[in-house]
Each structure stands twice: as structure tokens, then as C-alpha cells.
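Taken one at a time, structure 1 and structure 2 that follow are two forms of one protein chain, written as C-alpha cells.
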Structure 1
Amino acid sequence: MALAMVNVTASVLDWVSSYFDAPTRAVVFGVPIDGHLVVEALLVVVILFQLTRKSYKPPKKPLTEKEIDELCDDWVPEPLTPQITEDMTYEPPTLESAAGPHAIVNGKEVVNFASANYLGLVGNEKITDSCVGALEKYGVGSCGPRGFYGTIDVHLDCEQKIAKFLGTPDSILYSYGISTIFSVIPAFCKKGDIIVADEGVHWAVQNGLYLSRSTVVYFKHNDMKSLENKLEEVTRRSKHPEKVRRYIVVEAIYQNSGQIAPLDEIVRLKEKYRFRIILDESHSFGVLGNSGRGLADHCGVPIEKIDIITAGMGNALATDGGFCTGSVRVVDHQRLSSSGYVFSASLPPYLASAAIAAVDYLEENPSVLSKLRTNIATLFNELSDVPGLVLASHILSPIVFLKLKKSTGTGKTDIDLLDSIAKQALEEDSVLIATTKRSSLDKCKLPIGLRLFVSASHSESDLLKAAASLKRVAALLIS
């Protein structure tokens, strides 16, 4: 059998070879046709036939009712949410009173260092009166976006007040503080643009970067050498840098560390490499500078050198909502292009009225800033030697941030230890402080820690009590 196959194969090969080696067989239209051309033509015909023929599909056999029922019984849908573990069931303490320097938690009065009431305006009589007057005049809500009959005169008054206070041409109000920055960034930054951002920015900024679809490059936290290296690298890689919009995105006071951005150096690099600056001042507006006008005032930088400034009003001003300020062109662009402004119901009028009253209070009582800085310095000095913890924040930051000197080994065990410190300080010493818990959506890589928000309305005894509690509890729990 094998010998027969060999003979057949040899015969076929001889036949094909004879065609390749054959002399001219015919002349077609004056062109001699050789044997190998005949073979090639046949191969082309076969290939074209195979390419054009319909593929064979076996007829589908419909499933029986029984088979359908079995498949349905066996199918298990994917869960809508991930499985809830014990680590996810954290319940923060609930305030049962106003978030002033002292608050009620679980029926007990505690010293409150968990609320960003920097100027102590929670419960301020003038601000409360302004809210009552606005409620009587306008009611509670506006029942419409700004562009659809949701603009009320107090909104325009508030925008003018903020612009005049900061020394900018115009400003624009947003209904919700955290949505301000992640609406502003996508309004200006689009796909193809380049953003160089600090790796320590908080989640709202991260979300704005994501929604923009821009190319995002991160530099080391508050490291100006790293920032310059990234700016130079981005500029060098760009084939046509003059045709690409490029931004630097930073926070004035970083929520995740309490550090203050060196704005003068950032502006120098911005001008050198021709970038624009988007600055979030949620924790510096009403706090930094001789008059509380923010980071530009603090660093002695002309405010017009900052292209876009945003801030939430839920911290120093003790109201809600947010604003963006800058040139008239920057503000007008957002009235048509910023999703948080265009599609959200406008800020309730009484909150805009409260913001105006808060800015008035700051202008009339500049001494509140001196009291706040005195309190920050007192607490900062008292916490300089807490066992196992180290201060990571700036001495002028109202966010006093403590991180572990030495990690326990994993992020989970670190946060468990910090939670235990905060819990024991609350239960045994009636001191309410916050740990920097982060959701799975938050991509910040900075170390977690304990965060204390200092208020101008804290007394010296409040500050000393918090420091003594942390020293005692840390000495017990950190080996």
C-alpha cells in the first residue's frame, strides 16, 4: 500500500514538472503560452472560486422548551455590586447637632476636629439671619437650572461679590461644591489635550481628569523638580506643542496631605513651558493670605496669572455650592459648556445669601484669620512629638495631617490602626477626629493618616485636649 502511494505521488510530480518544463504549447493573440502559466491560471481560478463561494452553515436546530427551561435554570446573573465585606461596613460617627467646635455625637458633647469649619461661621448669627431672610423671600429651592429660569438676583449678587473680593473680572456659581472642579476641568480640557497634575489631588479632581479624556501625566506630590521634568518631557515629545492645549492642575492646600502648593514656582514653570493653570482653592479660600483671598494672596502672585480658579464654599464660608473665577471669557464659556452648571438646578437662594454674608464677615473681621493661624500653630506645636506619628502638613494649613512614622506592613492594617486611635480618642476623651479613608475609586497614592480640621472658634483648651488625647492613645496603640 505504501509503495503504491509513493508511485502515485511520483507520477503526479512528474506530470506537474512536465508542464513546467514543457515547450511552448500554443500562441494566443501572438503571445506564446508556456506550461507553467496554465498551472498558475488554474490556481488563480481555484482561489477565486473558494473566496466567492458561500460558506456552509449547518441548519440551526431550534431548542426545545425543556432545553430552554434548563438553560434558564442554570443561568446565574452577574451581581450588580461587589460582595459587601466586613471592611466595607464602616459607619462614621453621626453628628446630632450643628458642626461647630463642639458637637453632639451619640448623645455626648465632643470637641469637633472633623468638620472644616475654618472661620467658625457655623451658627453665626448674621449668616443665619441672612438665610432666614432669603427663605422668606425666595423659598427653599430654585426649581430650575441657571439657563432655564433658575437664575435669581441673589445668584448674580453672589458672583459679583466673589469676583470683587478676589479681584477677578467675573465668577460663576455651581450648585454643589465637589461637582465644581470635575465640571470645570472637562469644560476646558478635551481629548488630545495634555494635563500635568499632582499625584496627591483629591477624588473630585481625579474625576474631572478622567471625564476630560485628556492625556494625564502625574508629577510627584508638591515636588517642583518633578513638575519641571514632566513639563519638559511633555514639551519635548509634542510634535506641535503650539497646537495642543496644555494644563497644570494643582490644589492650593491639598486635602490628602495638608501641604501648600508653591504657586510662585508653579507660575514660573507655567510661563517657561507655556501651560495654563487650573487651581482648586477649596481649602485655601478664606484661609490663606493677609485677607483670606487664597493662595495668590499668600504667595504674592498677581491673580491674573492663574487662568482658572475653583473652590467649594462648604469649608471656610460654611455654606454649600462652589464657584469658578477668572476672566470674562473663561466664565462665559462655562455657561454653555460646563455640565454641572448647565444641567443642575441652581444653588438654593438662601445658600447664595449665606455666602455673601460670609464674605462680608471676613472683610469686616480680618482678625478671625489671626485667631485661626494662632490655633493652627498651637495644635501643630503640641502634636510635634506624638508617639509613632509624624506631622506631614504645612504649618499654615488648617488641615493638620498626621501619618504613621512606620507602616504596619499593609494599607489595611494601617487604616485599622488609625481607626482604632480615632475611635479610642472619641470614646474615652470625647475628641472627634477623622481618618483619611479612601474609596476604591480614589487613586491617590499618598500615605493615609489622621486629619484634624482646625477652626478659629476652637479654644486653647480644645486644642490642648485633642493633643493630649492623641499622645495618650498613640502611646498605647502604636508599639
Structure 2
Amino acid sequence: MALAMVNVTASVLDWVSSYFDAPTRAVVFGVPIDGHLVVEALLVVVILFQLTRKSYKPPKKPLTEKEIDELCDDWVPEPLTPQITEDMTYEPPTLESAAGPHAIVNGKEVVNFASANYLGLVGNEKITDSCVGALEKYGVGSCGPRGFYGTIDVHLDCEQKIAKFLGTPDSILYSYGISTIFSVIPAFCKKGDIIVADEGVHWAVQNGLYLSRSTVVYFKHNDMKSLENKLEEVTRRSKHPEKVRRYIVVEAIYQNSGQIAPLDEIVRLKEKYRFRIILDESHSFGVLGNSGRGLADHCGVPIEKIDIITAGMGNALATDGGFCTGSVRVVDHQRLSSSGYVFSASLPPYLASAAIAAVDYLEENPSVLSKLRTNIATLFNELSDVPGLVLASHILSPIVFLKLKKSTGTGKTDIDLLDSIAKQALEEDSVLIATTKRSSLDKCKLPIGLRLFVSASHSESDLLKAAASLKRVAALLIS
């Protein structure tokens, strides 16, 4: 058997080698075709054939229609909103009059510390008259975005007035307070830019930072050492400082804590590390500074050093809407790329004329600022010894912030305790104060507390009444 195999193999090999060593059989195009060329050509053909075959992959089977149907039937979505429990049905107090220092809630008169009416302009005669004139001339709404016949001459007048008041080249009006900051930030910061922001900024700023898709680094609330460390870290890690835009985002007076940002420190750091500042002055415009021009006036910093200033007008100016101001390049860029400006209807004209009248009032009566400051100082003094609560805001801030000395255990019980303090103060002593309410979407981790918004039109007796009421209720409820 083996011998036969050997014979067969030997004869096959002889046959192959005879072809291999065969003499030239033909001459094609001057090239002699030897036998081995034929074998090599066959080999090349086989190699090429193998190369063109696809590599082996186990076949992918897409889901059949029946399988997709089954999956769709099996899928059960979560309910759109979670279950509503009893304590979630809280209804806020309903006002039946203007939100001045004395308002009517549920039929009785209360002292109102829940409105950010810092200059006491709610109910001002001149402002009401200018609004009536505007309503009769222009109607209520402006019926169009700024680009499509929604620009009314009062808007342009208001922008010029605010720019002149602050001393900046130009300004731009937005139709709602919180939409200002979350439209400005994505207009200037894109993916790849670096932002260093305070951890206590309010939700609208956080939303703007998220929408901008830039790299955001937070520093400890109002802590300049922490800011310097973060700036140092970020500058060291940054690879192309010439191409990447860098911003520091702070608020002048923080809504969540009542602290005031030290602007001169921040400007010094900004110039050292080459950052730009975006400053949100919603609660400090018309409050800080000798003439009410805001934080730059208060700290003695020239206004050109701050690149972008935004503010909501729903506080000191007692109207609605917001504005942003800065250099001409900054303002012009927003007119086409700020989404809250381009894709939204413009500010109703009567609110713009109310803003003009409010700024006029502030220019003509700077004494209202000193009255506000005295009120804040009085209240601050009175509230320094409330049992169980401690003052956590800056001494010059019109938002007087009280937080619990000792937490009662969980965040939920804290909120309940503060709510019951506010409720009792309203029902028994007719003093309306506000507790900080945090949305579940808010990432701020600062402590919650009670907030009193001081106004220049509060009388001394109002302030004393509020302080006395808080002391009494806190002593009762905080063991």
C-alpha cells in the first residue's frame, strides 16, 4: 500500500517537474514562455482570488418585524411625572394688590418682604403714567421678533439710555430676565472654550453653561483663593491659549446666598491670567454704588474692564426683561447669534418705557440709594440675634439671607421647618417672607434659608415688625 502511494506521488512529481522544466513551447510578444512561468502565473491568479474574498464574519441578523412588534408591546414607559403626595400641593400666597411694601394677601394687609422692589418703584406715579401713555400708543405686545418689525423706537431709546447711564458704548434688550444670561453665554462660548464659574450661580447661569458645551470648572463660592487656584490649574493645562476663549462667570450679588463678589480682586486675577469676565448684575444694578451703577461703581473699577455685563430688570427697575452691555463688538454679535434675542418676540413696549422712566428716576433721585442702605443696615442689626437662625449675606446686600444654625437632619425637614416659619409669620404677624425653593434641576449646593428683600420704601416700623416677628416665630419653632 505504502509502496503504491510512493509510486503515485513520484509519478505526479515527475509529471509536474516535466512541465516545469519543459523547454520553451512558445514565444509570445518576444517573451519565451517557459513551463515554470505558467505555474507562477497560476499562483498569482490564486493569490489575487484569495485577496478579493471577504474576511469571514459571522452573519449579522437584523431583528425581524415580529420581534420588533414584541419588543414594542413589552415596553412600558415610566409615568410622565412622579406621584404627587399631599405635601406637594403647596399654593403660594395670592396678592390682591400691587407688590409694594404693604400688600394685601387673603384680604388682610401684610408687610411685604418677598418682592425685590429695591428702589420702591412699584406703584410710582411717573412710571405708571409713562406706561399708560405707551399702552395707549402701542398696545400691549410687540407681536414680532426684533428682526421682523418687532423693534419699536422705545426699545432703541431704552438701549441707548441704559448704555449712557452705565457708560458703555452700546446695550441690547432681552424680553425676559432669566433668558438674558442663558442666551448670552452660549453666544460667546462654544465647545472647546474654558469657563471658570462660581459654584453658587443660579439656575439660569448653569443652564447657559450647559448649553454652551464648553469645559466648565467651578470654584468655591466667593472664595478668591480657590478662584486663583483654578485659574492657575486651567492655564497650565491649556494647550493653545491664543485660540481658546476663557471666561470667568460670577454674579454681583448672589441670589442663592446674598454674598457680594469682590470685583477688584477678580479684575486683578483676570488681567494676570488673561480671562474675560461675564458679570450678572440682576440684583445689584440700581442698588450698589454711589449712583446705582452697579458693582463696578461700588468697587471703583472702570467699567471697560468688565467685558460683558448682563442684568435682569425685574428687580430694582420694577419692570420686566433684561439687558446686556459691553463693547460694540460684543453687542453686535448678539444681534444675530443670541437665540433668546433672535427667536423670541421682543419686549412689550410699555415695559421698555417703564425701564426708561425708572432709570430717569434713579438719575434724578440718588438719595433713594442711601435710604435703601440705611434700611438694610437697620434690618441687618435687628436680625443679628434671631434664635436658631444666622445671617449669611453680606452687610450691603439688599437680599438679607438667614440660614439655619443647625440642620435638623435631612434637607427635607429643613425645608419644612423654614416653610412653617414663613407660614406662621404670614398668618400670625402679617409679614410676608420668602424661603429659598430649589428646583430638582438646580445643581447649586449652597444651604437654603429665608430671604428678605429690603426696599427703600420700607419704613422703620416695617423693619422692626419683621424682625420682631421672626424672632418670635423662630423661638417657637426651632427647639
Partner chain sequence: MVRLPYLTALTTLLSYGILFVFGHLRDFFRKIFDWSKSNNLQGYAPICLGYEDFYTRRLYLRIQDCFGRPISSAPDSWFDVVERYSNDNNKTLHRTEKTTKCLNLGSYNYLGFAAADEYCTPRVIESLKQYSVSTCSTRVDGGTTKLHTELEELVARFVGKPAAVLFGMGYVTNSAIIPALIGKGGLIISDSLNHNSIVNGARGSGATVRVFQHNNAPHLEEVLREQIAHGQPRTHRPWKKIIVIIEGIYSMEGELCKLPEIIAVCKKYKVYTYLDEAHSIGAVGQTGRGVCELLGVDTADIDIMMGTFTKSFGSCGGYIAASKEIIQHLKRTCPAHLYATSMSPPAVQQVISAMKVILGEDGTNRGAKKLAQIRENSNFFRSELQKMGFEVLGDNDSPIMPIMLYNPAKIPAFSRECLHQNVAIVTVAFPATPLLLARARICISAAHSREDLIKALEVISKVGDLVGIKYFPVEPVKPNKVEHLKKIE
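Only the largest set of C-alpha atoms that superpose within 1.5 Å between the two forms is called the rigid core. Fair warning: this is a prediction, and the values are worked out from it, not measured in the lab. Here, residue number means position along structure 1's sequence, counting from 1.
- Note: the form predicted together with the partner chain is the second of the two, structure 2.
- When the rigid core is held fixed, the Cα atom of Leu441 travels less than 2 angstroms between structure 1 and structure 2.
- CA movement of Ile47 between structure 1 and structure 2 equals 15.1 Å, with the two forms superposed on the rigid core.
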